[in-house]
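Given next, in structure tokens, is a single chain: the form predicted on its own.
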């Protein structure tokens, strides 16, 4: 047995450590997911004015701060008892702001955080075994997805066009955010009671122009067909099978035209999504289209038959067609993307926030009780000797808590949201994988779902901007701050990475007495719980082959693509400030830390 550790695994946004045990056949047999930072945000907020939370909590992250603000203002709307009065146009504005953030975050993840693994040298070596076609395909991947500052065999590689264009698109979307949010990251528009900015007609025009710039990127880079045709035949397909048939027929046409010429370029119709779908998936590429090789990403990051993982979404985006206000507690039932709990057999259940708990039996905290977030406790251990990442699965090995829904660890993110929506392409692909002996959810389906959600959301964004937003409308109601006295609020939302909940309680002095945030990566990268049940990432790693394409070129523990594809498909974000101050001399033994 060999221990293989990737630390840090995340390319940006905080530090995730993944430790695995790998057997002689190159199969991962055990895994621990460790968050390396203590997030003291909840402690910082105690005794503060609740309105500070919408500003402070955005600082958790620079990629998706908007979602933290949204969850926070939802909690504050509930705390101040104005949720049912928020003007429709304020809700539309919030939807637009969140949609921009989600689209920018998805593009960042697909191209900058996950995509560079497609140009791992192992795939060059794999494709070199396929005469002619292999070198043409590798050239295409390298010219699109190579990141900046990338070298192979000591030689610098020119950054990929898709990688660079995605960064430009992210910048453009964040400029769109600034139109109504003031700035990005950490927009300033969302407050308890509504939003601070009333868009004018010029803003509507500017926001619309950003949509068309996004479509230029999608239609020239992401897809080989126009987005409207894609969505008509997938998102709006009459059945999951028809959505999958469209994808397979489209890919087969491309393969038939390109195999003889070895032309897999954009001009030949190979958008990034088509290229990844054909050569990333064994089931689609090799077994269905008859391609000579694939990266077999669909064989990584799946769940075994004895796994115990559900899929959870709180719902996101207000139902603005019903006018003013929303139901803070039952929010997800009327959202554009609805709330649901889906069990491991893919049976959909109604969501109830009362079933959400967090416990810390394997985290660096002093309380082990499973508590609802309203009663949550964030008390870290305070001595260095209690903090070790080497103790194995039975030890405390992370700063991440273990959230559970009615006792079940849950995967959150685009897959869960699109299952809840019964999105035809996602559910059709999942069924196809399950029917052919694969895990229905795996690293490949996570990424396809993310791209599909970006496309769906872009269309909805245009509707909110050009149809639903009324510059002459109302954008704010003044909350009565006294309503916070001895009260509490709940803010349910979805960050791009998944279910996000904020829970706030205030005392008789109207100040915060408890604030708890349960964020997406807490769900996905959860450690084991008191029953020894591993978190979603940990379960998805177990059984995955360590090396590229199912160890096709042999076991190479020094290049663990199985870990990289799997963990990064969850889009892990451990981002937060470190609030640990070392008050002792570094040479002192033992060292003592004070957590503030």
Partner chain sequence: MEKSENHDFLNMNRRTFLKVVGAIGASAFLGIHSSKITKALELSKTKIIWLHGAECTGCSSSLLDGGNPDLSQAIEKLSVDLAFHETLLAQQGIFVDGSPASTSELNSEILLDEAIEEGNYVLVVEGSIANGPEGSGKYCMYGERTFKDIFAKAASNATAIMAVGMCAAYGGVNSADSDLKDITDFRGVAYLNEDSSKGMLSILGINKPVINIAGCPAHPDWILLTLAAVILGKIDINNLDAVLDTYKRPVVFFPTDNSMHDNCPRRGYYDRGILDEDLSGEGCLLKVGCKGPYTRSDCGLRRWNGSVSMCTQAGSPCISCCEPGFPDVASPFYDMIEDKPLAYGMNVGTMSAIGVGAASLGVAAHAARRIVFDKYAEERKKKEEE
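The structure displayed is predicted, hence computed values, not measured ones. Positions refer to the first chain, counted from 1.
Another form exists, predicted together with its partner chain; not displayed. Remarks below refer to it.
Using a 4.5 angstroms heavy atom cutoff to its partner chain in the predicted complex, all of 10, 113 and 178 count as contacting.
In the predicted complex, no heavy atom of residue 132 sits within 4.5 Å of its partner chain. Its partner chain in the predicted complex is not approached by residue 536, whose heavy atoms all lie more than 4.5 angstroms from it. Using a 4.5 angstroms limit between non-hydrogen atoms, residue 545 is distant from its partner chain in the predicted complex. Taking the partner from elsewhere, residue 550 is found to have every heavy atom lying beyond 4.5 Å of its partner chain in the predicted complex. Between its partner chain and the residues 421, 387, 291, 142, the one pair within 4.5 Å by heavy atoms in the predicted complex involves 387. For the options 246, 433, 197, 303, the one in contact with its partner chain in the predicted complex, meaning a heavy atom within 4.5 Å, is 197. Comment: 59 to 67 is the region of 59 to 67, 523 to 531, 24 to 32, 536 to 544 lying near its partner chain in the predicted complex, near meaning a non-hydrogen atom within 4.5 Å. Along 525 to 558, a non-hydrogen atom within 4.5 Å of its partner chain in the predicted complex is carried by 557, 558, in order along the sequence.
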